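Presented as structure tokens, the chain that follows is alone, the form predicted alone.
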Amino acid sequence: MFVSDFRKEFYEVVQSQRVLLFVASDVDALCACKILQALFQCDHVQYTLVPVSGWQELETAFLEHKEQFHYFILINCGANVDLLDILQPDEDAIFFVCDTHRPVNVVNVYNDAQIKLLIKQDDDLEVPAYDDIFRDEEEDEEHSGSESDNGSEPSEKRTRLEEEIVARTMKRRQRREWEAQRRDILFDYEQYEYHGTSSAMVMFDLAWMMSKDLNDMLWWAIVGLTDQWVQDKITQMKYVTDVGVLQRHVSRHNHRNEDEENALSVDCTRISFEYDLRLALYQHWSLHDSLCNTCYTAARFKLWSVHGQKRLQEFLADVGLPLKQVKQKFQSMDISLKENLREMIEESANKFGMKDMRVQTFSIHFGFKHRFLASDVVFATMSLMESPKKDSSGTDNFIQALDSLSRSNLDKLYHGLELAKKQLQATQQTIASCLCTNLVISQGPFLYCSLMEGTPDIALFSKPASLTLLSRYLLKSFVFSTKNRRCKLLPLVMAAPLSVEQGTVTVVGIPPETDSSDRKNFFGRAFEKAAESTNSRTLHNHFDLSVIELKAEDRSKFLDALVSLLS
């Protein structure tokens, strides 16, 4: 059921209990977790934190800990499947689920006893009505012709029997009609997968309602929202609306900067609203590298071609930036050039057809020296979490990423930024090689691209978030590179090797790249149906249903089934 009063029905319930916290491996979940941890520390709530990257890990961890806890909190996992069916918990276990995955499973919505959904009602959830989905099983009809009827006339008995047969037939027909209607309603409801309000924002709202919100918590909420925007999980409209909500909180928390009398000390944390450039990590990199490795600019300049490189040079000349300045670290550029840099770049970008070169975002200052944009932190944290180092486990990476969000661990954040640069460079190089060697092919209803074993940097794309981001960027770039109008409107299916020993590949489905795109993804259901109809050996282990693992030998029959399903 949906929790209406988070404070009363959630926080005050768990405040005096020992709680188990399951946190998914994405940046928004980490930020929500940081806010909740800070609240728990304020109120001395005992909790155990368990990172989970998929359903198997969640089930294993639950089995391991279920004896010791009655209250479980799930962040960014658990809302879009029947949780009780998967975990089979005892009747006294209670789950609080704060998850951005939509649609929310109807069993979770209508289970009042064990499932409490920490989900904002103002997201258009469109949950079907209870009576359309569930109905009480009717008791078996009493047997006709009971002993009391013995004395009645045979003709009366026959008439009554006929009436009962007609009534039963009608009931069966109604039942069949209801079941068919139920299937249609559920299909319409569950067909598309999409994302709702960021979990970090939901947790920040809770902190704000309890008057325990701090500047740090506000920053984590901002990073959670920016993560959704960077990964294209929400529409531009939703992003701008949520930025507006957070902007009011930023003004409330940081208004003392301008006031001379009550000025904050220099080393305090300051958050400010920015209308900044859409260039990845440009303040920690050189402007040239950032332009080359940001998907927005790389795709529009078509930097994988010689002509594209020329257009970049023309663009820099139009801005009036010498190459010597552009290729050195941003921090070392001439101050005179940096003063009006954003306006200059935006003006030239408009001439080159890039209308959205600047976006609404936030930045944070730690004293004089350290300044980060929200997107910088998202890229750094994501890279730490999906670091492909041989000797580090998923839990180690999770803890590194979680630590990098604290201002006391800036060295970890800077390390994350370096990893993020490598990741972005590898992404653009892979996109260039896919486009130049025509690896993106049209299968009819969708585009398909497969990365081969032995591709440079393939290890970086074995993790789901990195592969999804590569797929999104590849589709955007492909739309700009192709002259075929029909191909511009197609979705993309991407496959990358996962494990050579086990012979498995990760398959990701990306919705079509259009301006009016509502970011809804139909591949989750399509993958399930295609795997069922061909008996392909797949593993639907990821919390995003549009990411699956597949045996390499079954790939061709799986794709054939997908083509016929979507045609």
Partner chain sequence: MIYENKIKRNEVKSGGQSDLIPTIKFRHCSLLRNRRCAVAYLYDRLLRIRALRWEYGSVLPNALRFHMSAEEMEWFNRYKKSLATYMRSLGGDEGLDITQDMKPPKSLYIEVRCLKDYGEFEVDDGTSVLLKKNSQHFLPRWKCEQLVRQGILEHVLS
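Residue numbers count along the first chain shown, from 1. As the structure is a computational prediction, the values presented were derived from the model and not from experiment.
We do not show the form predicted in complex with the partner chain, though everything after this point is about it.
In terms of contact with the partner chain in the model of the complex, the residue from D318, E346, D396, E418 that brings a heavy atom within 4.5 Å is D396.
This chain lacks the partner; the member of R519, K529, H65, R537 within 4.5 angstroms of the partner chain in the model of the complex by a non-hydrogen atom is H65.
In the model of the complex, the partner chain sits within 4.5 Å of a heavy atom of S406. Remark: Q41 counts among the residues lining the partner chain in the model of the complex, judged by a heavy atom distance of 4.5 Å or less. When the partner chain is considered in the model of the complex, Q46 lines it closely, a heavy atom lying within 4.5 Å.
V243 falls outside the set of residues with a heavy atom inside 4.5 Å of the partner chain in the model of the complex. Only one of 107-115, 487-495, 180-188, 397-405 lies within 4.5 Å of the partner chain in the model of the complex by heavy atoms, and it is 397-405. Applying a 4.5 Å heavy atom cutoff to the partner chain in the model of the complex picks out R18 as the lone residue from 1-29.
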